[in-house]
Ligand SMILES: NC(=O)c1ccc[n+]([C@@H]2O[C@H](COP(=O)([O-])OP(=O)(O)OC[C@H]3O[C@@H](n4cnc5c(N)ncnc54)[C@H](O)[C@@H]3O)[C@@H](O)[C@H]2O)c1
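There is one chain below, alone, in structure tokens, taken in the form predicted alone.
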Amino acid sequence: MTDSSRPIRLALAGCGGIAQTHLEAIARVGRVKLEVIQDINPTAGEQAAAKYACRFTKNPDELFKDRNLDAVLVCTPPATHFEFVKKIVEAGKHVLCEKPFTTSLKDAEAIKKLSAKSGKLVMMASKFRFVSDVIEAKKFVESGVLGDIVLSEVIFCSVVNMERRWNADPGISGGGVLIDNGSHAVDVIRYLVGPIKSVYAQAGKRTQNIAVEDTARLHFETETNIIGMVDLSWSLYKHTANYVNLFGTRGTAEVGWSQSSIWDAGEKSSRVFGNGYKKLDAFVRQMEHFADCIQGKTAPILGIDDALESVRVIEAAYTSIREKKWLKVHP
């Protein structure tokens, strides 16, 4: 636990695209003080350090050795996550690590052991758990207003040219759209309707000149026998305003990018709730929650087991693609 009378001293590792929203969020959380930004690219790192009034280093060892730091936010490419997180935890600091948490289940299990041994908090960043409309949808599920949930869908499809991006290099990313956007989708499913029991995954026709899948479909069944599907793509746009749909015996919740709605099957009427996907607001809530957990004010809503399970499900999905069959997530 960190003394709540002083700011949490934080470092950011990796200054790429996703880090920019994290930086904006950190600036809005008064009890978190950004001390240092680390990146192998001095241009990006120095510009961000100047903007957010902190120091810059190219050398990651400085983060591990700095005894004044309480925590590190890891936004480096996925293939680096295991070694980075391992060294941070061994250095006695808390970690918030971007998804995918690791590129292998073996690495995720090793981090879980390190976290337990050290007593340091290790969380995976998962912004959708902090989107207000998703939180409200979870309340609908828990209250029973939707009845028994029978079907669930997640849709993350858009057109993005990945041919010059590291996400399309399997040696860096660990895979394609399945591990990238699929990590978010799996965590949203687990958050809303519970643990995933089995999966069947397919890689779609590859339309971009890249070495990984640019479209994928994941069928799943939860421990409570809810069935569903996840559609993922960097190469097509599904014409739908919603990215999560929950179908129950008494109603349907549709979580959308601009607005969300709930359908009452008995009354045959719908009403709007929430105000859509507000990315920065979600990142601010995530950082506030991370700070609360470090200061011992609350338990993580996304603990190390959740991070590990996201990796386990995605690894099972890739095996399913290779073996062309349904697989149990826990064989």
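Bear in mind the structure is a predicted one, so any value in this text is a computation, not a measurement. Note that residue numbering follows the sequence shown and begins at 1.
Unshown form predicted in complex with the named molecule; subsequent notes refer to it.
This chain appears without its partner; in the predicted complex, the one residue of Asp180, Asp133, Asp187, Asp214 with a heavy atom within 4.5 Å of the named molecule is Asp180. Of the residues Thr80, Thr252, Ser235, Asn242, just one reaches the named molecule in the predicted complex with a heavy atom at 4.5 Å or closer; this is Thr80. Among heavy atoms of Trp166, some come within 4.5 Å of the named molecule in the predicted complex. For the chain shown alone, Ser260 is not a contact residue for the named molecule in the predicted complex, no non-hydrogen atom being within 4.5 angstroms. The closest non-hydrogen atom of Ser152 lies beyond 4.5 Å of the named molecule in the predicted complex. In the predicted complex, the named molecule lies farther than 4.5 Å from every heavy atom of His94. Shown alone, this chain has one stretch from 266-274, 287-295, 38-46, 302-310 that lies within 4.5 Å of the named molecule in the predicted complex by heavy atoms: 38-46. If you take 79-99 and check each residue for a heavy atom within 4.5 Å of the named molecule in the predicted complex, you get Thr80, His81, Phe84, Glu98, Lys99, in sequence order.
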